[in-house]
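In the form predicted alone, a lone chain appears below as structure tokens.
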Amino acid sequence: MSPSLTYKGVPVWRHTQVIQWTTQFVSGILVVVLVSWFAANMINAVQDREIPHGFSFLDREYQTPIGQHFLPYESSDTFLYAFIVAATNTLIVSIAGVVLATLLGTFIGIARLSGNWIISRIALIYVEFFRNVPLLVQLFFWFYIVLALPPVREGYVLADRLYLNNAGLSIPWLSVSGLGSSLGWIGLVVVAIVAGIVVHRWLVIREIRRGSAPDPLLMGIATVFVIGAVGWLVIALSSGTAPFTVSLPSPHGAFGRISDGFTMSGGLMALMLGLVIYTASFIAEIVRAGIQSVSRGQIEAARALGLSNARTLRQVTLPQAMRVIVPPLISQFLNLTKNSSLAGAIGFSDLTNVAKTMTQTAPAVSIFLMIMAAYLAMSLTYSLIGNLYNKRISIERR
């Protein structure tokens, strides 16, 4: 047999690595050809039917209000800036939703494995109910619950700090007192977080070598808190003003409208409730399956060493379960981000809702291309972060 037809002594048509490379190469060519064919047909169809397209509209004034927005916005701003404002709304909702859904889903997943019959059954009912009811139905349910709340002047007030009514939820919020001092303290917090991570890793290594040490997680959190608090005091004493001040909500005017603080609109409240509760039901099952994938012997060994149930879960079970949990967890993060596009049904100005309004005065083809690019960028970012973390823990556990 000719050596040119072999790879590492194995015929190329039987070598697994060669077959994999060839398959990937051919698949890549097919994907490029199909995408090119689709793009060419779409461009030809747009030109033949004289469908408006292009991106020259981005410099025009949008002239349409956006309900709730996290970035400063005026109707006189451009289409491009309005698109960025809407994308920021979606990004903040997705990040907050991912964090809250992960915390709630982890708690419910652990509760599913509780030895307490009542707790485990309540968690089971939660999972089976919320994951089997369509998300859009849940969004409408929570939205009508919000609408059923008392009006602003008759709303619920807690300690003159929290205001809940059919206009939304108003809570205290931080406001910048001085740009320099605020940026300085934020930079110090970043340094504190890095220091906390270093302390945590050092204590973990020390615990492995010596068998005993202060709780690494609590000490890491304490390091961040102490550095942040000391930095706050130093900046406040040196500059004469605190880096941030607390803005308290309060009613004003004849109609009792709430000003100052931060007001979460009814649409945003319903959206967050729906996304978090719905996604957490899936995350709970992922966490439960991950924990059950750890062999019983690992848990018994931890108990034999004198670890409490909480420390066994945090230091033995969950670290090993993460290899099973992370891949499907990434998919749920992507689903939550994409499901946020349903916000328009309950009146929240997310990316899809605002962009759909733009199509009334701008080329729809161009706008939807921008929407797809924005969601693709967010999804790929989540995938990249999740895959890097998954790769890291896989290497550490080898």
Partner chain sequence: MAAEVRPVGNPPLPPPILERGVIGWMHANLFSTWFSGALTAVSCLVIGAAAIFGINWILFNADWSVIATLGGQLVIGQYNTELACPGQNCFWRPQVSVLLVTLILGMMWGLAGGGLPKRMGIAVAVILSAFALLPYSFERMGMDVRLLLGANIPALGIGWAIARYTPLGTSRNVALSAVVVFVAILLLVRGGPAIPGLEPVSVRHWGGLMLNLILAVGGIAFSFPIGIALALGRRSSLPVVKLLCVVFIEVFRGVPLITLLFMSQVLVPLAFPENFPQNSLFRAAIVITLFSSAYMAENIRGGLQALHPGQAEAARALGLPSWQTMLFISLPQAIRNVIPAIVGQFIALFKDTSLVYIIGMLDVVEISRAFIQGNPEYLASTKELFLFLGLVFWVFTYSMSYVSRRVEENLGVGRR
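Think of the rigid core as the biggest set of C-alphas that the two forms share within 1.5 Å after superposition. Numbering follows the first chain given and starts at 1. In this text, all values refer to a predicted model and were calculated from it rather than measured experimentally.
Same protein, other form: the form predicted together with the partner chain, not shown, and the subject of what follows.
Undergrad: Looking at L136, L217, V157, V99, which has any heavy atom no more than 4.5 Å from the partner chain in the predicted complex?
TA: Selected residue: L136.
Undergrad: I need to confirm a contact call. Of G306, G297, G115, P72, which residue comes within 4.5 Å of the partner chain in the predicted complex, counting heavy atoms only?
TA: When the partner chain is considered in the predicted complex, the option within 4.5 Å is G115.
Undergrad: Since the partner isn't included here, can you check whether the partner chain sits close to all of F282, K338 and Y375 in the predicted complex (heavy atom within 4.5 Å for each)?
TA: Answer is yes for this spot.
Undergrad: Heavy atoms, 4.5 Å, the partner chain in the predicted complex: which of 219-227, 267-275, 191-199, 142-150 makes the cut? Say which one.
TA: That would be stretch 142-150.
Undergrad: Hey, in the predicted complex, does S238 get a heavy atom within 4.5 angstroms of the partner chain?
TA: Looking in the predicted complex, residue contacts with the partner chain do not include S238, since no heavy atom lies within 4.5 Å.
Undergrad: State yes or no: in the predicted complex, is some non-hydrogen atom of K356 no more than 4.5 angstroms from a non-hydrogen atom of the partner chain?
TA: K356: yes, in contact with the partner chain in the predicted complex.
Undergrad: Residue-level question: is V365 within 4.5 Å of the partner chain in the predicted complex, judged on heavy atoms?
TA: It does: once the partner chain is placed as it appears in the predicted complex, V365 has a heavy atom within 4.5 Å of it.
Undergrad: My question is simply whether V33 lines the interface with the partner chain in the predicted complex - judged by any non-hydrogen atom within 4.5 Å.
TA: Contact with the partner chain, no.
Undergrad: Listed by sequence position, which residues of 306-326 have a non-hydrogen atom within 4.5 angstroms of the partner chain in the predicted complex?
TA: Going through 306-326 in order - heavy atoms within 4.5 Å of the partner chain in the predicted complex - there are no hits.
Undergrad: Aligning on the core only, does the CA of A40 end up 2 angstroms or more away between the shown form and the other one?
TA: Yes, shifts by 2 Å or more.
Undergrad: Determine, after fitting the two forms on their core, whether I19 shows a C-alpha shift of 2 Å or more between the shown form and the other one.
TA: Yes; I19 is a residue whose C-alpha shifts (by 2 Å or more) between the shown form and the other one when the cores are overlaid.
Undergrad: Taking the rigid core as reference, does the Cα of A373 move 2 Å or more between the shown form and the other one?
TA: No, A373 moves less than 2 Å.
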